[in-house]
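What follows is a single chain, given as structure tokens, in the form predicted alone.
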Amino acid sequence: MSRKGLAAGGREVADFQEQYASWQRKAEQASGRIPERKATFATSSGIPVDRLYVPDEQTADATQYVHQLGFPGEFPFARGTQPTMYRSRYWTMRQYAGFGSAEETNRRFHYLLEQGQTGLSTAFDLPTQIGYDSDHPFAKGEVGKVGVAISSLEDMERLLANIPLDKVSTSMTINAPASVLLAMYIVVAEKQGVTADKLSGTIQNDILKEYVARGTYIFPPRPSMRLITDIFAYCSTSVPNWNTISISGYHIREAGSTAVQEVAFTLANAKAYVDAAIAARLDVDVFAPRLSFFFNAHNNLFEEVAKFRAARRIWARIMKEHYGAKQPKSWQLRFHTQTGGSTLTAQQPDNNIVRVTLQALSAVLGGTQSLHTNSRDEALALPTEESARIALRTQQIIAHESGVADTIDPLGGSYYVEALTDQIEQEVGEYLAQIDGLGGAVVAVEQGYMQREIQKSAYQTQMAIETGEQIVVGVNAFKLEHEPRPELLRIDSSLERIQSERLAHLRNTRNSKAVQEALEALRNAARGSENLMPHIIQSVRVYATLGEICGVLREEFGEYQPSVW
């Protein structure tokens, strides 16, 4: 729009002009540090594409602009967390991968990096997620099935073989035993000659959503919160570039929540982590910049875009106005997005490529920092190599061929999207007020409030599908009489035996005295208030297993027993 004819008078217009000029300076500085991808951007017809589109100062829209939207990289971050966003650098293409043995997953990691993936994301099997070694009786039948099996430092060394940890950032979807897996990652890096301060990546480490929506918890909520704040404190000094938590709405949405509930419950949980860290005497501006978020993307494209924009704005206001954080980085909501697994169908699985494309587009239009695109066959099995490649290609086509990354926040200013963003912000605020009234997210989880709200939404959605009110192509409409059967990935059933043999060899060859001493020191620390991370790292370093470390903590903290809501 025209930059001429500035309106005379009006504080709002002056604010607009001042902040617009400030953003232009910052954008130039940012593009000086990280050059934009092209010297000029244009449509396929040769029409120039500007870095950012804003309202004219003389319109009524401009008077609300600074308060409601702001500029990219500026409070309240509705238009993105960086001043140039994807004009300089695309989002990280981080495909979630993990299955079978550490060697198999390592091969998939290398394959995806060779195909242009720019970050790693690790899926762990269920025994690993709940702190049991692969040879534990509870692990039987589950080793390597939904992710990679990691029982010891040896497994982690195999998983990360020949991956330069000072150059690749790694996300690990692990929660209850997150401290142990992070410790393994740190020690593997040590063996590569990479110090912890050079590591970048994320652990999910969001236990509250496990109680609400997913179920891979170990300990009761309060010692779990201690483990999380211990990680915050340890990483703030020793692993400063690590995202210490990825507060996850993804699984809340997968459990059946609405988009509004996804944001509301995620931010309520985030507030609980901030409260716990402050109670542990951590400075909010020290740990808050390393908080990250993880959201889902479903098919309703505009609602999803609005959801991401609203979430950034709400969080910025919470951190600045409620917690009094002073650093702009503390106000920023940075998030990873994964396309919606629960939206994929076993029927006509190629249709899932289209669903994933829509969902990935919403994440990019919403300003995500990294993205996983699901594979077409995930409603049937873990993805084949071909399906994983198509999923990655989906992101690459959006990035390089669609043009949606050539201007910042391209839907900003849309009457529809801005109205949806405002409405989502209001409804999320109502939920947050209710949860605050209950005493916060931990109490709300203990009372089953979030669980009941999600269950109601999931039931309503299922009823809408069963009555035909909500069409799911290939499921309740446009069905095929004879479904083709795609080739599926099968996990080698011998893995469980191989893992057990490896663990037996490890226990027979390691320094048993050093292991016992490390585990006893961990036990003593768990009984007191000392930070647990140095003791967990030492236990990992002498090859205590995941199950042994979590076993000590189970004995000291107990196990969570859910109520039936």
Partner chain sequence: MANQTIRVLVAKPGLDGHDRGALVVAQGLRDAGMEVIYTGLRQTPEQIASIAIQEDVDCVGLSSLSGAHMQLFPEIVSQLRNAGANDVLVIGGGVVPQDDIPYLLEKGIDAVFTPGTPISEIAAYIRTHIQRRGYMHAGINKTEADSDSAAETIRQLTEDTLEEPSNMPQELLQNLRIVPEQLDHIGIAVRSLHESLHLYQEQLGMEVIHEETVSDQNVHILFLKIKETVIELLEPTDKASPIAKFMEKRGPGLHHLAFKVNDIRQALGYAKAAGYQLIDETPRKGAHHKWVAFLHPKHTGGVLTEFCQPMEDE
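No experiment lies behind these values; they were computed from the predicted model shown. Positions refer to the first chain, counted from 1.
Separately, the form predicted in complex with its partner chain exists; it is not shown, and the next lines address it.
Engineer: Even though the partner isn't displayed, in the predicted bound form is Q261 close enough to its partner chain, meaning a heavy atom within 4.5 Å?
Structural biologist: Although its partner chain is absent here, Q261 would stay clear of it in the predicted bound form, with no heavy atoms inside 4.5 Å.
Engineer: With the cut-off set at 4.5 Å between non-hydrogen atoms, does G448 touch its partner chain in the predicted bound form?
Structural biologist: Because no heavy atom of G448 falls inside 4.5 Å of its partner chain in the predicted bound form, the answer is no.
Engineer: Could you tell me if K271 has a non-hydrogen atom within 4.5 Å of its partner chain in the predicted bound form?
Structural biologist: Taking the distances in the predicted bound form, the answer for K271 is no, it never comes within 4.5 Å of its partner chain.
Engineer: Would you please decide whether P164 lies within 4.5 angstroms of its partner chain in the predicted bound form, comparing each non-hydrogen atom pair?
Structural biologist: No, no contact at 4.5 Å.
Engineer: Quick one: find which of 331 to 339, 132 to 140, 111 to 119, 181 to 189 has residues within 4.5 Å of its partner chain in the predicted bound form by heavy atom distance.
Structural biologist: Going by heavy atoms within 4.5 Å, the stretch is 132 to 140.
Engineer: In the predicted bound form, do Q24, G201 and R309 all put a heavy atom within 4.5 Å of its partner chain?
Structural biologist: So, no: the whole triplet misses its partner chain.
Engineer: Only one of Q423, Q434, S238, T461 gets a heavy atom within 4.5 Å of its partner chain in the predicted bound form. Which one?
Structural biologist: Only one listed residue qualifies here, and that residue is T461.
Engineer: Note which of L495, A405, A325, A213 lies within 4.5 Å of its partner chain in the predicted bound form, where distance is taken over heavy atoms; exactly one does.
Structural biologist: Answer to the contact question: A213.
Engineer: Across 163 to 177, which residues bring a heavy atom to within 4.5 Å of its partner chain in the predicted bound form?
Structural biologist: Residues within 4.5 Å: none.
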